[in-house]
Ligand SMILES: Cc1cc2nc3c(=O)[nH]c(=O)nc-3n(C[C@H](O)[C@H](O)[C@H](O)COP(=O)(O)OP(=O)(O)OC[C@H]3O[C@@H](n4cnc5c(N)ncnc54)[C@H](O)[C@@H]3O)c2cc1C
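Before any questions on binding or motion, here is one chain by itself as structure tokens, the form predicted on its own.
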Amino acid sequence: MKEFDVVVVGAGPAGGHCARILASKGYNVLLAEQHENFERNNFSSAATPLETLKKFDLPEQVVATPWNKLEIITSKITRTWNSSEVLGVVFDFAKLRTFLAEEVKKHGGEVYLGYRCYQNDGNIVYLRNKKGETIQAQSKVIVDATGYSRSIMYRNKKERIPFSKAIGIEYLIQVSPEVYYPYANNLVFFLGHHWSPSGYGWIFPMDNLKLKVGVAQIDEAHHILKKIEVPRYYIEQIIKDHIGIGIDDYHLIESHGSIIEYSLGLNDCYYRGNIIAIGDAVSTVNYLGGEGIRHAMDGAQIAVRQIERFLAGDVKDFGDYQKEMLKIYRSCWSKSEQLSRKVYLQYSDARIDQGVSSLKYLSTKEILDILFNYRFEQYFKGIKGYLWKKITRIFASFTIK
């Protein structure tokens, strides 16, 4: 049996970054990942603001492409914002996770690929690969970074609290230069009943003439529409109706999907004994836009500070970690929850069109504040501009008469 200070189960952005930091600080760390390589389950749209690279000390090698333009498209409305400067990047998700794992090894930690945790008992973690080979690891701290499955924190499924469920599917397609060019350096989001009822869709550019086309849906009944098609239907509709190509005009490199099980109000179990949960395992993803990488890595850094205190004997549990996470995320995420459930499940198509139309009064910086910093007061500024213009038109018509 091997002994570690910390065993991190799950090598996504949260788990990989957590293990990376701890290993760099000299702790004896094991990072365990159920997939045999990082090309497996390679789901994440992974668009992020430019400052993410600097904040988490990430190299250019994890970037698929930069972006400096953003579009929001509804059933009838298109709004566009752009900049002469790079605004952000789209990650190559597999390369990002590979880099984090390599960092763990560079700093003296161990990485086990292809090993799933099938049991944990106090300080002992039991790992097994597809061949049935097992490993026992003794650890002072166990980190649950297993995403929505929360497989460490909830060994007994009966203990699971209720979660809201969302489903995402994504195509990675190869296209011709002529088709790719309009989407180079451009993030495109789709809203509305035609493109993606009960959720949203997207087109993100990748390197080497590849595009990511995806749809995410909340797995609940729509208040207006009686029937919602499966996500693949809307992905293929975006390819056909918006990109304007048929099945013979692109090569489907891969199709992948994922589930988010999210605790409304962030009532997750953050810790139990020597177990601490991070990333999607504690609903760190923003429910409105599905963005999770930045927040997962942020949460990992918060967790590391508390893990160090725990290992030093300064605290007996991870209660302060939970308090800090809720202080940072609960208020803003609650607003995102409310807005997402209204827009995706309750609003009419006309109301979505009207809402996006009003955003034309916002600058590029202001729209980025809404989408990536969740400063929703900027949206209401756009609404005010929309209403003011409408009022001035009414008064102008009176003057003419």
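Quick caveat: nothing in here was measured; it's all calculated off a predicted structure. From 1 onward, residues are counted along the sequence shown.
Note that the form predicted together with the ligand isn't included here; everything after this is about it.
- This chain is displayed without the ligand, yet in the predicted complex the stretch 292-300 from 245-253, 292-300, 311-319, 263-271 comes within 4.5 Å of it by heavy atoms.
- With the partner omitted from this view, the residue of Tyr183, Trp81, Phe93, Tyr329 that lies near the ligand in the predicted complex is Phe93 [heavy atom within 4.5 Å].
- Residue Gln34 is the only one of Ser358, Thr65, Ser340, Gln34 with a heavy atom lying within 4.5 Å of the ligand in the predicted complex.
- In the predicted complex, no residue of the candidate spot (Phe4, Gly109 and Gln138) has a heavy atom lying within 4.5 Å of the ligand.
- Residue contact check for Arg116: one or more of its heavy atoms lie within 4.5 Å of the ligand in the predicted complex.
- Although the partner is absent here, Asn123 lies well away from the ligand in the predicted complex, with no heavy atom inside 4.5 Å.
- Under a 4.5 angstroms non-hydrogen atom cutoff, the ligand in the predicted complex lacks Tyr171 among its neighbouring residues.
- Although the partner is absent from this view, Val285 contacts the ligand in the predicted complex, with a non-hydrogen atom inside 4.5 angstroms.
- Contacts of stretch 181-211 with the ligand in the predicted complex, defined by any heavy atom lying within 4.5 Å, are made by Trp202, Phe204, listed in sequence order.
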